[in-house]
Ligand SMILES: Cc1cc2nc3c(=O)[nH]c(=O)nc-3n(C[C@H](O)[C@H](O)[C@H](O)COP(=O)(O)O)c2cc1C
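There is one chain below, alone, in structure tokens, taken in the form predicted alone.
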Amino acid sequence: MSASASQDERPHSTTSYDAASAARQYELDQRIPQAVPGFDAPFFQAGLAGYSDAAMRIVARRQGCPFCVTEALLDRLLLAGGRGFAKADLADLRESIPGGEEDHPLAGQIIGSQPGEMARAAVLLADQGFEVIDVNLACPVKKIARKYRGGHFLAHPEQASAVLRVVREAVPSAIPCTVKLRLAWDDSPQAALDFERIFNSAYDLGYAWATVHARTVKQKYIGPSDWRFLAELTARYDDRVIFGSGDIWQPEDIFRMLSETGVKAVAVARGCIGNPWIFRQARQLMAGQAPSPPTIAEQRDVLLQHFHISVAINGERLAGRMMRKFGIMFSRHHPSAGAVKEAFVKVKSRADWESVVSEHYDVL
């Protein structure tokens, strides 16, 4: 998914809402940890194209994230043993990555156009120890849809059901399969019927849950997501485990979505880029504590951790380029956000990154 963030896309209800009370009282649906041991809270880090590699995931987990999804991995790259596989799998790198063993439980998310290739790629991920196989039928990026992948399938329910069937049949029964959807291809009545067919097909085939992003494919990320759709969906299918996605920017939004829509867990996507503390804050709310913003010292520690792990995974040259976009997002938490952002934009190396951190984040 695209990860350009805008908090102008705010939800949804104008009524007063006590997030702290809702969080304290929330009880996790036990079907979730039964399917995925360790998934012990009603939120998780979504797959984010170009962002959610192992470095981002490990940093999130250290702040309380219980479960992560890889970015969408193209089936053909996985089958060819290309970088798409290396980005998801740490089997050859764990000794050199601090915290590499922490990156569990983890869902490997596959995307592709041919059912057979997607099934074979799913088996590869299962063989490498991914706890969950997630099928992406949601990505709205134009080049993905043009190549008949991701959100394309929401306009082609028979093809989507074929993908879901062969993947579920190929993956060992002990490994849960899940699916990422959007609420429809567009806002037409036919698209709504197509969604319903695909959604029902997933559960009929034994998928553990569907994560539904509450925008259409055509809508991409423009405008607010439709939480009313999620509420209507969970009301119609109250016996199913359904996850929600869309417009989660603050920890309070997690519990608002849970309360207003009835979903069983919430995907945190763009709202956690440069903000892994959202997971800690959500757990604080559940424990009856006020969510605490990260101190400058805490920000410093996470910035150094994230870059260090990224270098171990990607090498210093690539990490230097990749981490600029994270630095820009991390800078929003700093009292001198503008100056820090300008400094991170110029980063090219470990020395550059550490210089910015030293100048702006070192504290007595």
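One rule holds for the numbers: they count along the sequence shown, beginning at 1. All of these numbers come straight from a predicted model, not from anything done at the bench.
Unshown form predicted in complex with this ligand; subsequent notes refer to it.
Using a 4.5 angstroms threshold between heavy atoms, Phe67 stays clear of this ligand in the model of the complex. Although the partner is absent here, Tyr51 sits close enough that one of its heavy atoms falls within 4.5 Å of this ligand in the model of the complex. Contact annotation: Gly246 falls within 4.5 Å of this ligand in the model of the complex, judged by heavy atom distances. Among residues of the shown chain, Tyr221 is one whose heavy atoms approach this ligand to within 4.5 Å in the model of the complex. Comparing 67-75, 285-293, 197-205, 232-240 against this ligand in the model of the complex, the single stretch with non-hydrogen atoms within 4.5 angstroms of it is 67-75. The partner is absent here; in the model of the complex, the one residue of Arg256, Arg168, Arg270, His152 having a heavy atom within 4.5 Å of this ligand is Arg270. With contact defined as any non-hydrogen atom lying within 4.5 angstroms of this ligand in the model of the complex, Lys180 is the only contacting residue in 161-193.
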